[in-house]
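For reference, the chain that follows is the form predicted alone, supplied as structure tokens.
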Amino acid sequence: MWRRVALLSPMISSSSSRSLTLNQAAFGLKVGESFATDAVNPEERDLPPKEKAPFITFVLGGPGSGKGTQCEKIVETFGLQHLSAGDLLRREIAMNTKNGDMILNLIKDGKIVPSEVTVKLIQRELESSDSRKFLIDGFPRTEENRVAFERIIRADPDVVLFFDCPEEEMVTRVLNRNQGRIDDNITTMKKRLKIFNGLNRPVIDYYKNKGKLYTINAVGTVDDIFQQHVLPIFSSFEQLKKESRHVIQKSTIGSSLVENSS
């Protein structure tokens, strides 16, 4: 449902919203009417959760950048639902689904899973979840991923985090953590980082130009990085929501006082 809302939003401007509401009311378009009322009358925000556009965060960073541990802290602190494109693909393989065999064969051949397949797995999770706040880890990896997400999901991320870390630091972290790929060594790590930079840099630049990218200095302890760089970003969004609710409540109370005094 929220995808329909996202489609309608560019059509509504401050000069046309009142006439749009009247037209929709006349034809009994309940979904459009609810959205237009929400846009024109901010005090009447009674849309069911499923009709509200989700809050989406993309998390980008190369292997060893520390984005995984930061995702855990973000989820724990702010209650976002964590989605990993890689985990969704691996789950399809483990469950032996129709797509699972195809995904496994592509990975075995060293090929990239089509963006449409990955995005539709993400879409299924978004639409089936009761949450409206999502943290999508390691996605989009390529411009093709990004374009497919915007085309199929018809939504933009609210926040894009990029964990920026020196190559030497990432190599050291991966080789010392005793997890991940069994063939990890300095040579393979540098190859992986080169591929990541080549594919991911256009995505990073795109969101930077849109003003949605937050570059995180990923050098330091997990707690220091979170407290100094990550926490302020999400706290600002939470504070904006609190301020918005306060304004709405104040407006509603003011309207009631005016009506009672007249």
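Heads up, when I say rigid core I mean the largest set of C-alphas that superpose within 1.5 Å between the two forms. Residues carry their position along the shown sequence, with the first being 1. The structure presented is a predicted model; accordingly, all values stated were derived computationally and were not measured.
This protein has a second form, the form predicted together with a small molecule, left out of what is shown; the following refers to that one.
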| property | result |
| --- | --- |
| Residue contact check: E143 to the small molecule in the model of the complex, 4.5 Å heavy atom | no |
| Exercise: T69 in contact with the small molecule in the model of the complex, heavy atom 4.5 Å | yes |
| Partner proximity in the model of the complex: Q228 to the small molecule, non-hydrogen atom cutoff 4.5 Å | no |
| Distance check, R154 to the small molecule in the model of the complex, heavy atom within 4.5 Å | no |
| Candidate stretches 73-81, 125-133, 165-173, 94-102 - the one whose heavy atoms come within 4.5 Å of the small molecule in the model of the complex | 165-173 |
| Shift of I107 between the shown form and the other one at or above 2 Å (CA, core fit) | yes |
